[in-house]
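Just the one chain here, the form predicted on its own, laid out as structure tokens.
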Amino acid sequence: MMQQQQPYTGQIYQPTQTYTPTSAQSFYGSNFEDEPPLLEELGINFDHIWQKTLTVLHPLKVADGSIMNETDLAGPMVFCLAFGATLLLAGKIQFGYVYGISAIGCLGMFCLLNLMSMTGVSFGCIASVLGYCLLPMILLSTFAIVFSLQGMMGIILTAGIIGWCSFSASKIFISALAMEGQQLLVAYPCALLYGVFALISVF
């Protein structure tokens, strides 16, 4: 049995409005001043970037594990670009090698640290820490613009910079991942990675 259709009671040229649009104030919140800053929404915190940079530049400073465990790629991207730029000033066009070796090194450290740590670590955290600890290597490549690093003094300086980078990276990793007593085990693969960057700077 077919149901009877109810007749249309409205006016055909003036339909009833069933949708009430929300105002911009109710859609975006009570006030635009309550919105967080754009850099905070993008995950760029200059205070944390500065603290991580100081942690790398001061190897004996205790690293804050809560800050170091963040996925912050703004600083590492700047440091990689600065490293490639200083190599370019020395007459070496090595941007592809810098990013390629960084990607392979981050992937290797990601696999290694996930096997060694109990908590596990994200790929972004690995890339962030390794990128920040590239900062002393920028000093080495800047020194290579003016002086040659292929003598005895260059070898000593290069070895010191590799130790600086690897010590800072391993210190941050063990504080962020609660891996006390394993700093030397973490520092060795970090030293191998930064040694490749040092070879690019020297030769």
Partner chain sequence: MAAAASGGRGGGTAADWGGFEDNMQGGGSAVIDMENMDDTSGSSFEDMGEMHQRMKEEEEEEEAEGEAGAAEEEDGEFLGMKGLRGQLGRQVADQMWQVGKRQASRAFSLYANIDILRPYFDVEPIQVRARLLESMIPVKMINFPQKIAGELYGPLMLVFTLVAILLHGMKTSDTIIREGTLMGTAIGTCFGYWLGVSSFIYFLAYLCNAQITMVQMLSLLGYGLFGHCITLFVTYNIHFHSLFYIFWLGVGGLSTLRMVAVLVSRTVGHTQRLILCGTLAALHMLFLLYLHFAYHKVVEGILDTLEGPNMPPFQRVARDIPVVSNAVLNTTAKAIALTL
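Numbering follows the first chain given and starts at 1. From a predicted model like this one, the values you see are computed outputs, not experimental measurements.
Keep in mind the form predicted together with its partner chain is missing from the figure; the text below concerns it.
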- Item | 4.5 Å heavy atom contact, residue 93 and its partner chain in the predicted complex | no
- Please check if residue 89 has a heavy atom lying within 4.5 Å of any heavy atom of its partner chain in the predicted complex. no
- Give a yes/no on whether residue 115 approaches its partner chain to within 4.5 Å in the predicted complex, heavy atoms considered. yes
- Region of this chain that lies against its partner chain in the predicted complex, out of 53 to 61, 134 to 142, 174 to 182, 159 to 167 [heavy atom, 4.5 Å]: 174 to 182
- Item | Those residues of 146 to 171 which, in the predicted complex, come within 4.5 Å of its partner chain by heavy atom | 150
